[in-house]
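Next up, structure tokens for two forms of one chain, structure 1 and then structure 2.
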Structure 1
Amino acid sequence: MTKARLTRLGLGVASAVLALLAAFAITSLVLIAAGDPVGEVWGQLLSWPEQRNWANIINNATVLFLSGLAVAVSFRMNLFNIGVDGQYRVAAFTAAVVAGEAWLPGYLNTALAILCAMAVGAIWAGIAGVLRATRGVSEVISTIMLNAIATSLVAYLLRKAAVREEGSNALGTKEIPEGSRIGGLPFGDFEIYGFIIMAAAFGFAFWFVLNRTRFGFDLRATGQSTTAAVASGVSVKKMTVAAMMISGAIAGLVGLPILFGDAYTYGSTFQSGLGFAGIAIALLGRNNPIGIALGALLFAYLDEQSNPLQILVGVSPDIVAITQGVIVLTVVISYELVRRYGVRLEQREVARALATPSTDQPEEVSA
């Protein structure tokens, strides 16, 4: 490993550590200001989870990883896809309806539902991409509006497609047949989502496409400089739409681990808010699949450990939401500070190299 690569790796680790330490300090100050027991809160949050809790952490992290991956695709194109929350809602509802109808047997039905979910997610995100490419509409504004539309649309369609259980006011689609469900993987005495294998496969595909293909190079180049991309013959408009659609397709997978591994139906109580967490996780992981996975595990760990805070310590579990928000802010600040420090190191290395006389110059021959 070269010195430059080691330096970049060290700076990356240093920025993450700096962000976590700053978040720890700021959260502690918030607890002190509120009069809460700082030591007991951190003792609970940092205690080693039980096996059951670890299974919950891994399951939650699988979902958050897919959410962060979807956001990271748009980030690499210098786009801000805030619409993952709406995209996964529409996609999960579509997958639930298709899988519940059981038009195909067994896992063929599962595959059809997953493809439909990805297609719907891609189309929903593609609307914002087309608006950005053809009319210059900010994807931030359009995806926020599409989130609201998606929430209302799914609620309306759910009433049309729902099957109400006797003695219950909950609405839900038809239950997915047992042969089309994705079985869990053994984890001690418990199980984790089998969908974790597909999540890992999509993480590898994300890395490979962006770093080992021409399309990935064009996408990254366009995100860094549209002028340079145009000069090299890349269509910025096509790349904008493509990046948003790929982001939406991955967003379509976010709710599927829950749908095929736990809920087996899409209802009014289906888990929400997963898309917004992906933004923070993508920032924390610096748009790298491994970093996103670690960020997803961290957020899932904090969520799981916060559940008994109210009972054991008498502190609202909302303190974890504050911690997660502070982590995002400190990550952005620390990454920028470390980036500037890295630039200064490079400038010093260049200046030192220029100041050192080259040994390759031929010696002057005296007359």
Structure 2
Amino acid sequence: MTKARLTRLGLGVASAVLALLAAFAITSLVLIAAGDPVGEVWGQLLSWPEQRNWANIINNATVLFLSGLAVAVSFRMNLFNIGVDGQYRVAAFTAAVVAGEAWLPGYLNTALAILCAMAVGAIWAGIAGVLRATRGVSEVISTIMLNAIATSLVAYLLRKAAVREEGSNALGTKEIPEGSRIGGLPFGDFEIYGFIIMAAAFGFAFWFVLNRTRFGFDLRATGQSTTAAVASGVSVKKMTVAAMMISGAIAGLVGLPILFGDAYTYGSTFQSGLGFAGIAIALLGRNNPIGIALGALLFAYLDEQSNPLQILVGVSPDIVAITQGVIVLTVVISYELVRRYGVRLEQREVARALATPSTDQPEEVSA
């Protein structure tokens, strides 16, 4: 068994490398076909980032990580929460307003804002959960619809809550007071989001709850086989709502590192589309925290490195989107190949066990 495990681990690593190489090759082919300078492009993408860029990479990875985590929760229960995008925007807006109003002093204010964000995210996702549980509405549809609704709703509320400093055309909520911001951690001469610690904590909590608690077991069981879960005494309706709400609560955190560590206000230019990136990253990371973290880093790295492509090399940065998508595919394909190999290994083991003669002598012989 352990031998098999080791081989599989090795193969896992190999497959990852293989996937990256494949993505590398395909991207290069595209560049060549387009007559773009392949060498220069990779030269830029693979150049060792400046410390400053590392800081950016880590920061953006933190955000993507949370987004991936949120999606992964629902995936683990075989729910497809496309709605992380809407959930985090509603939540970030709420947090910005609450923190901006500063009803409580200092970090109490921060804590309150974070809780509100999680609550709102949970409720927004919970709508889809309830509709699914009570009315059987596919969460795929409902979350898509809720994304759009979130957009209009936030836009409406934003204009109600917005304050505009003179001369600026940007629209934003009240700035969060100094005392309630989350300071950065020193990173060389630069800083990274202090929120990264919370993100890590949530990553661990995710792992622990799913793999070490009854709740997590029920959740995974439901994800694997609803029928078996029901027979084992799981209330699927409750689990559906719970899973969606947890997913939404984590989604509620997605925007917060930016909000408390950088922007200090939610405005018209607040980053959008993080939820969809999260889907890819959750899939890339096989819904487990470590994998998601690596996936997030990879995506953030590519985004950061591709940024100056147009200025330095004269190639559209969009090329890396192709790379990112291809990676998702190639990684999964190689995962799949390895998985099949693993199954075969296992069956060989089983077969050996089956081959050994029965120790069970039928005792009762009726005359």
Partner chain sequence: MTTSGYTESIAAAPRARRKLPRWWFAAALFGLLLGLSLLEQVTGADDLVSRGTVAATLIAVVPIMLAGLGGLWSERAGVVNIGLEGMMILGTWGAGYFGYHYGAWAGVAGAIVMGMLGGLVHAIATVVFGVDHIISGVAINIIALGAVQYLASLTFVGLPGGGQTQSPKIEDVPSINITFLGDFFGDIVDKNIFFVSQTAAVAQALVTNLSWLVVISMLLLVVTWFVLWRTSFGLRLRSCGESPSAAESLGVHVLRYKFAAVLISGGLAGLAGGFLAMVASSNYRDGQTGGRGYIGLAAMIFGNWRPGGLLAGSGLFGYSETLGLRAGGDSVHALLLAIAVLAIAAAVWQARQQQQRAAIITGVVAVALGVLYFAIDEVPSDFSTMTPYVVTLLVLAFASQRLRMPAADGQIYRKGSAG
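On a predicted model such as this, the values are computed, not experimentally measured, just so you know. Between two forms, the rigid core is the largest collection of C-alphas that superpose within 1.5 Å. Every residue number counts along structure 1's sequence, beginning with 1.
Of structures 1 and 2, the one that is the form predicted in complex with the partner chain: That would be structure 2, which is the form predicted in complex with the partner chain.
My question is whether I319 is one of the residues whose C-alpha shifts by 2 Å or more between structures 1 and 2, given a fit on the rigid core. No, the C-alpha position differs by under 2 Å between structures 1 and 2.
After superposing on the rigid core, how many Å does the CA of A19 move between structures 1 and 2? Comparing between structures 1 and 2 after core fitting, A19 shifts 2.5 Å at its C-alpha.
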